[in-house]
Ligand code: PHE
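Have a look below at one chain only, the form predicted alone, in structure tokens format.
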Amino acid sequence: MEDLLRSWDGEHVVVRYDQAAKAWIFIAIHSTRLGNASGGTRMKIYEAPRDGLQDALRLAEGMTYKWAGVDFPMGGGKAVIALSAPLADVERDRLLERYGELVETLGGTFSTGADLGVGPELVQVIGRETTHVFGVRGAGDPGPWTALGVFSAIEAVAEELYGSRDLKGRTVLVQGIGDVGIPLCKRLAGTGARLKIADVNEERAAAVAEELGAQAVDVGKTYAEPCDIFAPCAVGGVLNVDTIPQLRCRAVAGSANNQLERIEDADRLHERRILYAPDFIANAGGAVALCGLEALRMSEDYVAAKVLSITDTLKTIFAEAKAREESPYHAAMRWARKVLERGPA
């Protein structure tokens, strides 16, 4: 793991080996430039501890740019609990309680919430031992907030492509009908957009499509399905050297994290004249809502306005990218770095 830590540009990493559960805990603090670090806790089985550390470092850096991309006063952090084998529920809960004790010792320099393998009910377990956890004090489900941010991103894309935010008659393909995908689909359906839905659970996709008057798409043919805007709202890495040539859309704007398998994939999209709304800006709504409402005690109106401002942020990014004839990904990274260099507003 030494080479990973030497090459990382973050601030510090807290490492603990939990002997009882035979699990490694990594809390990566990438940046506190804008505020105390915050990011979810991921728990899964890893082939080797190094893989868990690598995930923590990568995800913490991503959180730094997510917060900076929407100019929000939080820093980038992430935690990974790297299991070596499945745990019984009782053992898992005890591990999460011990993890909560570790988070508490950091005195608020890191706060956390749900992520892969740690759902809302397990966040409550962590919250037994620390106050520095989101999702336990009434902010509610972050999914609809994330969906609101993605909807705002789609509106920005529509305005850039067609000169209007009006989505009536525009075809939007949503990949992934989950906590974000469903509220996003409902918002899109309400605008009169022509909605297409793809999900690995084809029965669920068919049911949601019937409810909303949408078209369910064969999940195996998702990337080749014609649409105006493709909204990936499931797993990451879906935009890559194999899928990008298949795309039959004019833009991509979705909630999935790490949509680009490689940075070069942003340029592949640009070469195909497919407008890309960088995921770390488009999907920031849920994180902004949880931290804003629970940690920073912001009003719901202020948080809503902040999430809706994703539209204007992307308009600025699109304009710069167009002037430089480059992918919006590069303009978004410059935007975020400028916010970090400036420091807290």
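Residue indices: 1-based, along the sequence shown. Superpose the two forms; the largest set of C-alphas matching within 1.5 Å is the rigid core. Since this is a predicted model, take the numbers as computed values, not measurements.
The same protein also has a form predicted in complex with the named molecule, omitted here; what follows describes it.
Screening 48-56, 316-324, 297-305, 34-42 for residues having heavy atoms within 4.5 Å of the named molecule in the model of the complex returns a single hit, 34-42. In the model of the complex, every residue of the candidate spot (Met63, Lys66 and Leu290) has a heavy atom lying within 4.5 Å of the named molecule. When contacts are judged by a 4.5 Å heavy atom cut-off, Cys185 does not count as touching the named molecule in the model of the complex. Mapping the unseen interface onto this chain, Gly113 counts among the residues with a heavy atom inside 4.5 Å of the named molecule in the model of the complex. In the model of the complex, the named molecule lies within 4.5 Å of some heavy atom of Phe134. Among heavy atoms of Thr130, none comes within 4.5 Å of the named molecule in the model of the complex. Contact with the named molecule in the model of the complex, defined as a heavy atom within 4.5 Å, holds for exactly one of Thr171, Asn257, Thr191, Thr109, namely Asn257. Residue Lys78 is the sole member of 76-111 found to place a heavy atom within 4.5 Å of the named molecule in the model of the complex. Once the cores line up, the CA of Ala79 ends up 2 angstroms or more apart between this form and the one not shown.
Once both forms are fitted on their core, a CA shift of 2 Å or more is seen for Gly40 between this form and the one not shown. Relative to the superposed rigid core, the position of the CA of Tyr99 differs between this form and the one not shown by 2 Å or more.
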